[in-house]
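Single chain ahead, by itself, as structure tokens, in the form predicted on its own.
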Amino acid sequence: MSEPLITYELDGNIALIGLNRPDKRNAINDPLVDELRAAVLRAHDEADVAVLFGHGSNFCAGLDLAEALARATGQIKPSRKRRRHNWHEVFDLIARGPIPFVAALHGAVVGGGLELAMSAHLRVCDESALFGLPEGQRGIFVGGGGTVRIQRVVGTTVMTDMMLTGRLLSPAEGLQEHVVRYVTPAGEALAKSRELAARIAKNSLETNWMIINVLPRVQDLSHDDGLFMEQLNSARARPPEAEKRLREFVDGKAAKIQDNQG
């Protein structure tokens, strides 16, 4: 029996989802996307937070170029009807689903691997990570949502440079350009990601849902429409859990907020 392309483990209320093609640097092909979809949907159902990581020495080296060549030469027949890109669909299940995702990044985080990482809500890398968009040197274009997600984070100028020149960003540059929020010593990104996931899991499910679904939509709106959407969400009827948490704070029983130094 062949190894699964995606591993899945439930640790309490945290789902651990691993890309498992280490011999191919976790390159993304259609079977992997199908297994990733199933894992993400399972996490939606039974976890409160998920951690996405890569087995082996890399997070993900992007598109499986052998599959891309087969598609370009007609060895893989296109669908008779135009459909939504499967990467767009699955990455959106991560980015705009019901639970937050933390990505633990190391080694190559390039092309589609970077697009996948950017669908997560928090990104942690270790000192081995390199971030790149080599599509320009391969004669192709980004296709996993990078024009939207990556460009909105790093800006057009940085993304254009990365694509035109093939420049790789170091962990320090990734931190500077907001690709990641945390940098750890080599080999420690997954542990840090699990630590952050455990902290996030202490929030209410409703608050986490609003943070990951309302904030990106407000970003797309005008000033007035953004404030209106904020009011609609902040004025929603609060669940009993919210009342309990507010009462604990007022009564001085809430846990102290601790600053996270990365």
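Computed from a prediction, not measured in an experiment: that's the story for all the values here. Sequential numbering from 1, following the sequence displayed.
Keep in mind that the form predicted together with a small molecule is missing from the display, and what follows is about it.
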Does at least one non-hydrogen atom of residue 140 fall within 4.5 angstroms of the small molecule in the model of the complex? yes
Residue 182 near the small molecule in the model of the complex, any heavy atom under 4.5 Å? no
4.5 angstroms heavy atom contact with the small molecule in the model of the complex for residue 62: yes
Please tell me whether any heavy atom belonging to residue 232 falls inside 4.5 Å of a heavy atom of the small molecule, as the geometry stands in the model of the complex. no
Give a yes or no on whether every one of 27, 112 and 135 sits within 4.5 angstroms of the small molecule in the model of the complex by heavy atom. yes
Among 215, 41, 66, 227, which has any heavy atom within 4.5 Å of the small molecule in the model of the complex? 66
Only hit among 99, 108, 158, 120 for heavy atom within 4.5 Å of the small molecule in the model of the complex is 108
Within 4.5 Å of the small molecule in the model of the complex, heavy atom basis, the matching stretch of 120 to 128, 186 to 194, 171 to 179, 140 to 148 is 140 to 148
